[in-house]
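In structure tokens, one chain follows: the form predicted alone.
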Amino acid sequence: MPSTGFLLKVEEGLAVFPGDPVAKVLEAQEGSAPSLVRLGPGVRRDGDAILTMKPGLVRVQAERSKIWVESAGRRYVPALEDMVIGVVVDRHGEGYRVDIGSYEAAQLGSLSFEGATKRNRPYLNPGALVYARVVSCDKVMEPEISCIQPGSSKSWVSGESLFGELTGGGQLIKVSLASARGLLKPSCAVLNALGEALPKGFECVIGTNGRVWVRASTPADTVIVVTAIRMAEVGTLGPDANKTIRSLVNSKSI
């Protein structure tokens, strides 16, 4: 949920317990432009303080003024602007119900796709995978997701849009929420090492809800990517990720 003000006194990586204050919000002064403080999973605002709701480590995304608490749990709590991978469980007149691993299935409108119209829109069957972003979440209502990227003009028909149905095979795996956020970092060692070791490349879509979709040029390469991600999650990749992954690629005996 967005909150107007300036975020102060945030300690990245601070270990916290429920109820701990992790930041203060200073309201914008008269004549100055307010900024947005985005509260992610595990934090809430109480007056001018931001308090934690679960144990974990404080994480901050400075470029988006976002703060959240990261834990090793697998139960996903939707937060605004989260990018998630969902599974279509039902189709109705106005859209779809999509399992995103939260307390309730999310709603996805039939026109919530780039360039979709009543006559030209995707038709998803139960079991289809979709990559979307959370646009609405409330404790007493079903979350809502969308496959529309603000500011984008790429149509779902061309297949160039960032969000939409994940097609062409691939493999879906589940990881911890902390591992998923780690994979999203540009400095992620395992994905960078895989990119160097697999000359034909691979596709990897990561949802902050702990789901990862992988597709490579061959089934063997897909298994290598999945195995490396699993090893990184449990800490068995070793200090030299490049060496371990090259060994996986060379052996192919996974």
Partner chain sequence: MKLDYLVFAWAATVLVEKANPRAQRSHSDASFTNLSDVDLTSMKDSVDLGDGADGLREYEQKRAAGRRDGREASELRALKVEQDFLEQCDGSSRLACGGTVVMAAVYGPIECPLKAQLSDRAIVRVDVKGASSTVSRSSKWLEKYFRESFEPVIATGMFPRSAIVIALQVMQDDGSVLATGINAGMMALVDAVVPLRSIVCASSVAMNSNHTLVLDPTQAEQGEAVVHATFAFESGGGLVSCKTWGFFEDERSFSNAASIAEQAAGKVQAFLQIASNRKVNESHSI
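Whichever C-alpha set is largest while still superposing within 1.5 Å between the two forms counts as the rigid core. It should be emphasised that the depicted structure is a prediction, and the values quoted were computed from it without experimental measurement. Numbering follows the first chain given and starts at 1.
In what follows, reference is made to the form predicted together with its partner chain, a form of this protein that is not presented.
Its partner chain is not shown here, and in the predicted bound form it never comes within 4.5 Å of any heavy atom of Gly95.
At a distance threshold of 4.5 angstroms between non-hydrogen atoms, Gly235 is in contact with its partner chain in the predicted bound form. Although the partner is absent here, Leu183 sits close enough that one of its heavy atoms falls within 4.5 Å of its partner chain in the predicted bound form.
At the 4.5 Å threshold, heavy atoms of Tyr123 stay clear of its partner chain in the predicted bound form, well away from it. For the options Glu114, Glu144, Glu104, Glu81, the one in contact with its partner chain in the predicted bound form, meaning a heavy atom within 4.5 Å, is Glu104. Among Val60, Leu57, Val205, Leu198, the residue placing a heavy atom within 4.5 Å of its partner chain in the predicted bound form is Leu57. Taking its partner chain as it sits in the predicted bound form, the stretch 185-201 comes within 4.5 angstroms of it through a non-hydrogen atom at Cys188, Val190. If you fit the rigid core between this form and the one not shown, you'll see the Cα of Gly42 move by 2 angstroms or more. Here Glu233 does not count as shifted, since its C-alpha moves by less than 2 Å between this form and the one not shown after the core is aligned.
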